[in-house]
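First comes one chain, alone, set out as structure tokens in the form predicted on its own.
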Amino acid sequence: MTHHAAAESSGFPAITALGVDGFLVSFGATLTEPANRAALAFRAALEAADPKGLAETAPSLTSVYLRFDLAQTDHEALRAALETLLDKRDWYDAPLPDGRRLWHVPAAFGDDHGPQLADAAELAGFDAATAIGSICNSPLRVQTIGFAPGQPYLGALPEQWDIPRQTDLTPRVPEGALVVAIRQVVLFSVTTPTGWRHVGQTALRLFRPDQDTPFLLRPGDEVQFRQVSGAELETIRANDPDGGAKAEALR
């Protein structure tokens, strides 16, 4: 059974009206690679098609939210446009959008830069060194941006990383923290409490409100971490406003 057929048998893709001027186009009830791929690809195609009255779009892990201008269109007309676009192809097997970038990001792990590394590694069945290698071995897709400005959810990690969040909150993790749970990595764009385990640290400034493009990462980008020592990371932090991150175009 194809991804499309499997999704259709579960009622996806699904179009749901949200309020008086919005729709949610969903590709799955749970996060999977095909559902995330479909959301990213469909959002790009929707913006390229630019149906009359479309005001804005935003992807989540498995869906696309869109807002429209009631002075230019209505629910019936826009729903028809969405259905026509959905029928054009199998979105679960669609190419990812153009313009994506691969980011190489230095990160320090363990000790003060990742105080919960040992705990997270044990839950995943790794020793600390193997856990770091597992996180750094392959690029991770920016599945969505959410929770805080510019904050990426990255995945998916190998199945061993399907570890739960903590039952209690860590009161404070710093900006640029690398945290793990449920086969995902989150990089924090702000200092915040969290239930995710803090295993590493970057020097990234993910939210840059003073720049024309305030979010460093975009959905569909990929991030590959490169392990550095804590001292190296602090040198990078002091001397490189980009936190040592280097980007290349993905094709």
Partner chain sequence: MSDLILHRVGPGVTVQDQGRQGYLAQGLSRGGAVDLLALAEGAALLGQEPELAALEIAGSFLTLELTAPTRIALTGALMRARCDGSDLAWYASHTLPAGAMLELSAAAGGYSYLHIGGGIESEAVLGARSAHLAAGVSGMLENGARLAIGADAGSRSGMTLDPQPRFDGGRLRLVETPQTHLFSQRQRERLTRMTFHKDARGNRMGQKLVCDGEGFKLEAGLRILSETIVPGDIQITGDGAPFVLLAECQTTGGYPRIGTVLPCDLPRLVQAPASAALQFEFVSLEEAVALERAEAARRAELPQQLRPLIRDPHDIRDLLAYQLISGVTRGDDLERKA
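Positions refer to the first chain, counted from 1. Small disclaimer: the values here were computed from a predicted structure and weren't measured.
Keep in mind that the form predicted in complex with its partner chain is missing from the display, and what follows is about it.
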Discussion item. Taking 4.5 angstroms as the heavy atom distance cut-off, pick the stretch from 131-139, 170-178, 91-99, 67-75 that is near its partner chain in the predicted complex.
Written reply: 67-75
Worksheet item: Using 4.5 Å between non-hydrogen atoms, is residue 182 touching its partner chain in the predicted complex?
Response: yes
Worksheet item: Would residue 45 show up as a contact with its partner chain in the predicted complex if we use heavy atoms at 4.5 Å?
Response: no
Worksheet item: Might residue 11 be said to contact its partner chain in the predicted complex, defining contact as any heavy atom within 4.5 Å?
Response: no
Worksheet item: residue 156 near its partner chain in the predicted complex, any heavy atom under 4.5 Å?
Response: no
Worksheet item: Which residues, if any, of 203-228 lie within 4.5 Å of its partner chain in the predicted complex when only heavy atoms count?
Response: 207, 209, 214, 215
